[in-house]
Ligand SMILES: Cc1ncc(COP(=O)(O)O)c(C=O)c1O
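The chain below stands alone and is given in structure tokens; this is the form predicted alone.
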Amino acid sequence: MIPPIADTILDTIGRTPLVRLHKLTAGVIRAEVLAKLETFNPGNSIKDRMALKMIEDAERAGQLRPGGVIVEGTSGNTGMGLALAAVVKGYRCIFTTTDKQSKEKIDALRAFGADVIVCPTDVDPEDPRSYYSVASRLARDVPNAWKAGQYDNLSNTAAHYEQTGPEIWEQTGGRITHLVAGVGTGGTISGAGRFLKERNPAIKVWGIDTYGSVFKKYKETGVFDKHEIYPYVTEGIGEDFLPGNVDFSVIDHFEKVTDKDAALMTRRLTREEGIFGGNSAGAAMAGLLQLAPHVADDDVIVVIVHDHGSRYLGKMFNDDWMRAKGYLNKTGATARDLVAQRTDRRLVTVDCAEPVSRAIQVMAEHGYSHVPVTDAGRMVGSINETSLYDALVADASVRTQPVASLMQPAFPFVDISTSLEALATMITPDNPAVLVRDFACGETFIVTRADVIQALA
């Protein structure tokens, strides 16, 4: 049946299709795998659902008044949903986001008239520079402002309990056995998962996490471990804190997926199934294939395709970007070969609160010119001999100051399978080292210009 005329664009949110997958699962999973294409929402993502729900609930509660200003920290998609609704309802939007988000996402928000403030990624949520903190400050300081608060606003979960879950149940005729979704704010998987489990408690809900995020370890141990936190590339999933919308009692299992595997699967989803999904959809599909041994032939699995691939044209769908990250397979030496040649493979760090004299001692003992800096085990920065030398020459008393006073940006993380050629392009005067992560064993190594020169010699 052809849908009737919609009064506004907001009336087109929801009722998205399920599409059966064929090629990605061939030879790996014999079960029926269905993609829930949230790209069919007017803002091209699943966040349209909860954005509208949060606004309408705030209107009913008197929190958002006519002519008000919507403030939110967003990775892009929630902002798009809020901006779309704001256009129709007559609100102004101010969004904060991180510098790891794609340019396409930021440009799209501005296309809807939103003001966008870009904040650093590699800081604690409580840091006044974080996009969470900046959004909270704006909500306090801007007259007639309302902060959506997608992470802890339970209207987020309610939207998916009322809409997404019932749609999936109806579309599968109640046959669904597994729901697979990336976990960021937690609203989608918690709301839809709770609805589905109420209909059939045997349904399994699998959350897809990323390395550098705290969700999986917290689910399995109940421990919030800051040592799990470090920068990652995958967008839209994983967090370095526990959002109020993540209901761990609903999620049966978390599966971690590497940045590289998520990026490669994002491209495969488009090229093999014709589904132009975003980075989190690639992570969800990669996670499902990793879980293939736990799937029965007669299962019916629904995977959420959270957003649209057009928001990643400069990243996962850009060969130059993929090569620069070392994600495209190449022959020849890799970071694994380089690390294997070392006699001392330990990663040595200094804490940001330690005095500079301690950093000098560590560098001298190990012969290092670059050392990562941590804060409660989390990689937050770096220190190098060049900046250290300049500071000491200018003022010898700097030795007693905390390392944080001289700290440079944190080194980027790459997968241990990254080619030596790609590593060489990542090491620059502004970025003198790279941290190499072996996800299989959980170890991290540092690679410097000297290491690459030695390997190439």
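Everything quoted here is computed from the prediction, not taken from an experiment. Numbers follow the displayed sequence, beginning with 1.
Another form, the form predicted together with the named molecule, is not on view; read the next lines as being about it.
- Only one listed stretch (224-232, 319-327, 111-119, 175-183) carries heavy atoms within 4.5 Å of the named molecule in the predicted complex, and that stretch is 175-183.
- Contact between E72 and the named molecule in the predicted complex is not found at the 4.5 Å heavy atom cutoff.
- When the named molecule is considered in the predicted complex, W206 lies well away from it, no heavy atom lying within 4.5 Å.
- In the predicted complex, K36 stays away from the named molecule, with no heavy atom inside 4.5 Å.
- Taking the partner from the other structure, the named molecule in the predicted complex has a heavy atom within 4.5 Å of a heavy atom of Y312.
- Of the listed positions (G287, G193, G81, G236), a single one reaches within 4.5 angstroms of the named molecule by any non-hydrogen atom in the predicted complex, namely G236.
- Here is the short version: of T266, N77, T164, T210, the single residue with a heavy atom within 4.5 Å of the named molecule in the predicted complex is N77.
- Although the named molecule is not shown here, in the predicted complex the stretch 31-47 places heavy atoms of just one residue, K47, within 4.5 Å of it.
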